[in-house]
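This document starts with one chain, in the form predicted alone, laid out as C-alpha cells.
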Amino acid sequence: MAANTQRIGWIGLGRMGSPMAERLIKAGHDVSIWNRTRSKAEPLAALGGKIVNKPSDLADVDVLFTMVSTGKDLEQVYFGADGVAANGKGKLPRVFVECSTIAVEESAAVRTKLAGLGAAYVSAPVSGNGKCVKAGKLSSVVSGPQDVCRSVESLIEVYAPRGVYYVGEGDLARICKIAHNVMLGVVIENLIEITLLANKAGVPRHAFLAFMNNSVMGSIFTRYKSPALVNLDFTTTFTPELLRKDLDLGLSLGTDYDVPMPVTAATREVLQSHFGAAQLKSDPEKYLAGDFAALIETMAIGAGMKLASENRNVATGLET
C-alpha cells in the first residue's frame, strides 16, 4: 500500500502534536484528527484535516499517531470509555505510533495490551519543540518490531526530516528519549549558570550566547533557547512541570539500572527551587505554565541579580 493512500489518525494537538500533524496534512496525507479541546483541531481542519468526535472514531484508520502529555492520557485515549481500542475487539489501526514522553513501564503495558488485540505498536518519541517542527529540524527515535518500524518510517520522516533512528525492539526508544530530556535539563541549567556568571561580570547576555552558539559548544538547542535567555520571553515551548517529570523518569531509570546520576540529581534540585520561587509571583500557576527557560530568573536570585530584557533581535537558528 502506497504511503499516501493510507488513512492516518492523529490524537493530541498541543504545542508539538499540532505542527507535526500539520506537516502530514500539508504533505497530502489523509489525516483524521481528535483533540480533547476541539478548538485546537479547527485550524488543521481548515488545512484539510478531518475532525472526529471521539478517539474511537479513529479505530478504522491504517496508522494512528498519538502525542499526549502523560501515560494516563495515553491510557485514556487508547483504552478509556471512548478510546480507540475501548471495545477490545473489532477493527483497530494496523499500527499505533506513539510519540509522547512517557515512562518505559507505561509504554510496555500499552504494547502488551495492543499485542493482545492484534495491533502493532511503535515507540517513536521526538527531539525538538514546535518551532523545530515548523523549521523542519525535528528528529525521531523509534523502537519496536523492525519491520513495523520500517513500514511507517516514511510517514515519521514527514515531520522528522532530520532522521528516524531505529534503536531496537520493545521500548528502547523511551529510554533514549528520557536520556535526551535529562540532557536537556542539565544543559539548560548549566547554560543559565554560565550565562549569569558572564553577565554578572559585565558581559551582555546576547554577546556571550552569540559566542557560545558559534563555538564548538553551540547546538540547535542553545541557539533556539538564546532569545528567551536574552529577552526574558518565556512563551511556552516546554513547561517546568514536564521537565521535572522527565528528570524524575531519568533518575528512576538510573536506580533501576544502578547507574549513578549525580549531575541529574543536582539539576532536579535546582529545578525544584523554581517551583518554590514561583509561589512569590502574583499568579504562580500561570508562571509555571510558562517556559522552563524562566529558570534563569530563579537562578538569578541566587546570584543576587535582577534581570531585565536586553531587547535584542537574537537569531534562533530555526529561521527559514
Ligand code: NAP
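We number the residues from 1 along the sequence you see. This is a predicted model, so every value here is computed, not measured.
The form predicted together with the named molecule exists for this protein as well; it is not shown, and the discussion that follows is about that form.
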property: Contact of K245 with the named molecule in the predicted bound form (heavy atom, 4.5 Å); result: yes
property: L58: touches the named molecule in the predicted bound form, heavy atom cutoff 4.5 angstroms; result: no
property: 4.5 Å heavy atom contact, K26 to the named molecule in the predicted bound form; result: no
property: The named molecule contact at E189 in the predicted bound form, heavy atom, 4.5 Å; result: no
property: The named molecule in the predicted bound form: contacting segment from 30-38, 278-286, 251-259, 43-51, heavy atom within 4.5 Å; result: 30-38
property: Residue among Q76, N231, S154, S219 with a heavy atom within 4.5 Å of the named molecule in the predicted bound form; result: Q76
property: Sequence-ordered list of residues in 9-31 near the named molecule in the predicted bound form, where near means a heavy atom within 4.5 Å; result: G12, L13, G14, R15, M16, G17
